[in-house]
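To begin, one chain is listed below as structure tokens, in the form predicted on its own.
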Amino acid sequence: MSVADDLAYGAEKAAVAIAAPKAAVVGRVSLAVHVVLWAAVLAFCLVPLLLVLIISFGHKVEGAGWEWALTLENYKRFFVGANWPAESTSLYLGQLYWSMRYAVSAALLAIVTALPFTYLMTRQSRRAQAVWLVFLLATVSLSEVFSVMGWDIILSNNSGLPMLFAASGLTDWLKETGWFDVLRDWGLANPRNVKFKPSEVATVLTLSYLVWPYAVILLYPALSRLDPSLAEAARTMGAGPWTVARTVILPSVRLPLIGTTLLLFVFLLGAYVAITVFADPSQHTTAVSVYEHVRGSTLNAPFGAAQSVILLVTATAFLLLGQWLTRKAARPS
């Protein structure tokens, strides 16, 4: 072996000797990072969920808060009422129904309106797209309370759209044409004027407005990657706008559509402020009931926790359903 070979061999051994401690240090740092991440997940995610689950089996003590227990009374109360089998009630099941109804309606409305807007936005210049995205991100930064207050002013019976309808003569025209009676049947008018609160329409509109920017932002990546030549080829072959949307655009983005709809639905299940402002008390949701039992006048934390668990299970079930639909849609036909 020559002197050059000896030097090369010695340099290689030195490099290995130097790299080994570095690799050990990197491995220890990586292990520490994993430990910290798992500790954060346990501390901020799993532990609160476990506490809520454990509290849901607690027992309410009249006049003295609650105590730890292992009972299914809270879950039985949710489904059949506290006095079952003597009598049953569907009050809390009705609140869960309104939770899902509001969430589904608002999520679908947001998707239906955000999809064409996002598609047209992706056909603008890069500068215009950047401006729109910055604007949408700025609206997302606004709190739910601030947005709901704005809609409260717009739909107020004394200073919003109903007053504008009366001042412009639109209310009189609705009465003359018979549409005013239709609005009264829908709960959108009183004997004298149009009203929007409390009503399901105002609630769904406000909830849809709250999640509309999220819908645009989530749909933007998929629509921006859509090849414009596909739509142009379809139009060249004589397809109309609706046919192009149905046969080209929607199939290309069906997976992001399903995922976005599910994310908006889960987000809206926990809506609170818009429900308390615009919904009729008989149409309040499980989220409102949870707050009333945990922090409101009822002060029954175990029952509030049980309702939270049921709401979480409902959201998980819909997420699993969405995952199944996504896998089914991804299969080649």
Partner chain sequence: MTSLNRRALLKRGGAFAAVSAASTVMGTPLIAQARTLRVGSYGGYFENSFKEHVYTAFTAATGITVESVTQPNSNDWLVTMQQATAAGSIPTDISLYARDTMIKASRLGGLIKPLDMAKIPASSNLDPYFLFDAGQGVLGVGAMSWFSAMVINPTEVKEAPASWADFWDTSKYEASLGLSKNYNAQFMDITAATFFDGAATFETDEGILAIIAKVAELKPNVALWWSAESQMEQAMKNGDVIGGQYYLDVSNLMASEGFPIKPIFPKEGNPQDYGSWCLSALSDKDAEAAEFMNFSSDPATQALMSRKIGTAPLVAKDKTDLTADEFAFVSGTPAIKPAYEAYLDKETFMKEAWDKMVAGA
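Note that the structure is a prediction, hence the values are computed from the model and not measured. Positions refer to the first chain, counted from 1. Throughout, rigid core stands for the largest set of C-alpha atoms superposing within 1.5 Å between the two forms.
If you look for the form predicted in complex with the partner chain, you will not find it shown, but the lines that follow are about it.
Using a 4.5 angstroms cut-off on non-hydrogen atoms, would L91 count as touching the partner chain in the model of the complex?
It does: once the partner chain is placed as it appears in the model of the complex, L91 has a heavy atom within 4.5 Å of it.
Is there a non-hydrogen atom of R101 within 4.5 angstroms of a non-hydrogen atom of the partner chain in the model of the complex?
Looking in the model of the complex, residue contacts with the partner chain do not include R101, since no heavy atom lies within 4.5 Å.
Evaluate V61 for contact with the partner chain in the model of the complex, applying a 4.5 angstroms cut-off between non-hydrogen atoms, and reply yes or no.
Within the cut-off, so yes.
Do S282 and the partner chain share at least one heavy atom pair within 4.5 Å in the model of the complex?
Result yes; S282 sits at the interface with the partner chain in the model of the complex.
Of the options Q124, S168, T113, N157, which one has a non-hydrogen atom that comes within 4.5 Å of the partner chain in the model of the complex?
In short, N157.
Find the only residue in T177, N190, Q129, S224 having a heavy atom within 4.5 Å of the partner chain in the model of the complex.
Selected residue: N190.
Only one of 115 to 123, 76 to 84, 101 to 109, 133 to 141 has heavy atoms within 4.5 Å of the partner chain in the model of the complex; I'd like to know which.
The contacting stretch here is 76 to 84.
Using a superposition on the rigid core, decide whether the Cα position of N190 changes by 2 angstroms or more between this form and the one not shown.
Yes: N190 shifts by at least 2 Å between this form and the one not shown.
Spell out whether the Cα of R123 moves at least 2 Å between this form and the one not shown when the two forms are superposed on their rigid core.
R123 C-alpha, core-superposed: shift of less than 2 Å.
Using a rigid core superposition, assess whether Y209 undergoes a CA shift of 2 Å or more between this form and the one not shown.
No; that C-alpha moves by less than 2 Å between this form and the one not shown.
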